[in-house]
Each structure stands twice: as C-alpha cells, then as structure tokens.
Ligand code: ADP
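Next up: just one chain, as structure tokens, the form predicted on its own.
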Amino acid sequence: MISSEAAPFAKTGGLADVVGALPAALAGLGDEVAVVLPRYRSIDLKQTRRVWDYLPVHFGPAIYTAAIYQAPAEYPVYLVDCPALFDRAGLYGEGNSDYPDNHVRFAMLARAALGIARGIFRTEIFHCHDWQAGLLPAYLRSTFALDPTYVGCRTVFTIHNLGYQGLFSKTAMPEIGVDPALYRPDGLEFYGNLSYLKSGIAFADALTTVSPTYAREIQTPEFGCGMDGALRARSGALTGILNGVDYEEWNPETDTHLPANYSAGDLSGKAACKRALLEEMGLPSDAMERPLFGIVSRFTGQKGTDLVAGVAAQIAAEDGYLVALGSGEPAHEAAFLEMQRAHPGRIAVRIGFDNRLAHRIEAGSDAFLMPSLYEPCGLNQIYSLRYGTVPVVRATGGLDDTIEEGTGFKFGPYSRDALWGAVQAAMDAYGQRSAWQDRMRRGMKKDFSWNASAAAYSLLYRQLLER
C-alpha cells in the first residue's frame, strides 16, 4: 500500500485511519501487507531500523536519494526518508499554501515504492491511495512496462475523496520522469493541467472508492468534480467498498479518553460523559435535560458549515445545545466562532485537532451532525453509532449507506430547511426517552468493523491476479 498518510505515523484525515487499519485486517485474513509512507519531520526514527541506505531516483537531470526505514508495527511500514523533499513542518504545505514541489515529492513516493518492491518487499499488488500515489500506475504502464521485476503485478487505485485531484501545471512533466506520451485526454491531462488523480483513474487495473453510493455518485456531473466522464469510461473497473472502523480505538466500553465507560446494556456512563463534556466546553448543567448536538469535522465547504450556521439560531431558540471541534478553511473556522459568539452558553467551539476531545464529544453528545455536501464514506457517523450518539446526516455517499431510519435521521436536499427538518425531528424524538434509548441501542449493535471490508479487498486482489 502506498499512501501519504497512515495512522499513527502521519494524519490529517480519514485516509490515515483507513491505511492505519486496513493492513492489519488483511493480515488477519492471511494476506502479506506492507505500507510505504514518506518519512515526514514529525515521524520519529528512534524506534525504527534502517533497511536501505541509498535509493537513488532520477527525474531527468535531477537525482533525489532516499534511505528506507522500517517502523515497528505488526506488518512492515517502510518510511521513505528523503530530507530534501519530506523534512518539512507540514505534510502538504504550510500556512494554507501547498508546497510548490508537491509534484516532485509524491512522484518520489511512487518511485520509492517501486524501488522497495524491487529490493525489499516483492509484491503482487500495488494498492495506491488517493492522488499522492496516483503516478505509480502510470510509471508501470510506461517507464517500467518492460521491467521483469514487475511482470504480473497489478495495481489498485482507491479514491478517498474525488475533490482532491493533485493538479499541477503541464510544465511539471519533465520534472517527474513520466513519458510525455501519457499527457493526453485519456491519460494524465485534465483541462490543460496534469492530474495525479486522473493518472490513477486512467492506468490502474482496478478502481475502488470508499462506499457503494459514492462509487455511483462520482460517475455523475453533480458529484464527479469534472472526472465523471473518465470514471464512466472505466465503470467496469470501479467498485465501492465501504470503509470499516477500528473498534479497538472507538469503543465506549474500553475508551480510555472517557470519564466513564458504558455499553448498550448499561448506558449510565453516557450521562457522566455528557456532564463532563458540558463542563469541559463551558456549557451549563441545565443542558443535561436537553439534546446536545456534536460536530467533529474539518471545517470546509464540503462539510456543510453553511447549513450548520443556518440552523444554529433555531437550535438555540428551541433549547438545544451544540459543541463543535475542528479546523480548516479560515472562513469556515470564523463561521463557527461567530456561532459561539452569537449564542454563548448554547454553542461551544474549539478550533484545532484534539483526538481526546473528539472521543469525548462522540461519547458526551446525544446526536451528531454531518450535513455534508458530499461524503465519500465518513467515519464519524459510524463512531457515533457505536457510542449511542444518534447521527443526523445528509443522504449522500457513505452517510446514506450506513445510517437507517431506525438508527438516525437523514435529509435529502442540500438546504438549511432540510437540515432543520431533520434536526427538529431528532429534538422531538429526544423527548421520548424510551424510544430514543432503543434507537441508541440499535445503532450500538451495528457492526462496521474492517472484517467485511478487508474480505472485499482481498477478493478483489485475487480476482486481479487471476486475469
């Protein structure tokens, strides 16, 4: 597996959770798995061992060199240590600006992964995650097409979020060592630019995305982000496999981040979690008797910030409460802070990343808001189910696949009124305590572990190798 992120080594979002959990689930099925990651500055090498001293990569006249370290894990995790490209403060950029050489940085990741497959871990399948690994299938179809090392190897390209496309100027082509003949409409070219995501779509043997509904949605103009034509052309190779979640980390019965643990059989600890969360977020104890809505999210346009802002006053007016944790685009962070300013004692917001607080919001909230414009899979609604926190979601992508009428509340149109209708339905249902607890327990019994997802990936790998 080639990825720019994997928990616990490097994380900005759900990609890291997937690549951090899927390999172990595959290993549990008997598959041999290794992960290749950049060695960012934030990754400590003290517990690792150096397994390759000198891996040169030529991009035209430029030469980059890397050392390869193996991190301690239940499966091999190989870190590509190229200080000239990865020894930086951020993963992709700093100060809301991408690094200008990201095209070279992630070309290096792909080429280093090919080197690792040649010299350390002889693989049959290259599983490439998101645009940062999108060049690898193109290299195998061109530069390394006749290399006997890779004869019989197959590629899988997983789209975690089609909105991130790895777009660069076509002038970058000579800097990444890709055959110029691949810059064409059915290759890397995308409206005059070079797209690493489109490279994966065009050249991988199989395509997957992270929920069945999202696999259908991205083949339409509404959700295709300009790639819908390319995806429809490869619809026969595209599969939607729902992400799983790690119930060892996300389990209210054992979660060490909580002030009290609880289960579907004994919900008393959830009240203690709500009381502690209200105190931590500076909300009044009176809120114990009223519905508390939680949000843990990136604050971006995709996540429905504008809809939340549109219903905030109504939630407060109806004697509801809201806690939110996240970071992202400055305008959306400002929108949440404005909600807090306008409704003190009703809405509390924390800007930033805080994993412990994220767990406490999942446990302490009564309901969880995810009004996304689109959502490839979503993980927090699945965490919420296990924590007895009833999801209120827009019926799109993985949100539609995982939430049912008996476990949560869904709305269709992307509008403030539609969200408010679902929120109001949840607030009314909250008043029926016995029925609400039945809804909580139904959600807590749902199983979205990695077992089923890993089995689907393992089957796909075997089908590819039989071709």
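Bear in mind that the values here come from a model prediction, so they are computed numbers and not experimental data. Residue positions are given as counts along the sequence shown, with the first one as 1.
Note that the form predicted together with this ligand isn't included here; everything after this is about it.
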query: Heavy atom within 4.5 Å of this ligand in the predicted bound form - residue from Ser327, Thr239, Thr123, Thr143; finding: Ser327
query: Contact residue in the predicted bound form, from Gly134, Pro371, Gly364, Gly378 (heavy atom within 4.5 Å of this ligand); finding: Gly378
query: Within 4.5 Å of this ligand in the predicted bound form, all of Phe9, Arg50 and Ala73 (non-hydrogen atom); finding: no
query: 4.5 Å heavy atom contact, Leu292 to this ligand in the predicted bound form; finding: no
query: Interface membership of Lys303, this ligand in the predicted bound form, 4.5 Å heavy atom rule; finding: yes
query: 4.5 angstroms heavy atom contact with this ligand in the predicted bound form for Gly14; finding: yes
query: Any non-hydrogen atom of Trp250 within 4.5 angstroms of this ligand in the predicted bound form; finding: yes
query: Stretch in contact, per heavy atom within 4.5 angstroms of this ligand in the predicted bound form, of 84-92, 293-301, 307-315, 264-272; finding: 293-301
query: Residues of 343-358 having any heavy atom within 4.5 Å of this ligand in the predicted bound form, listed in sequence order; finding: Gly352, Phe353, Asp354, Asn355, Ala358
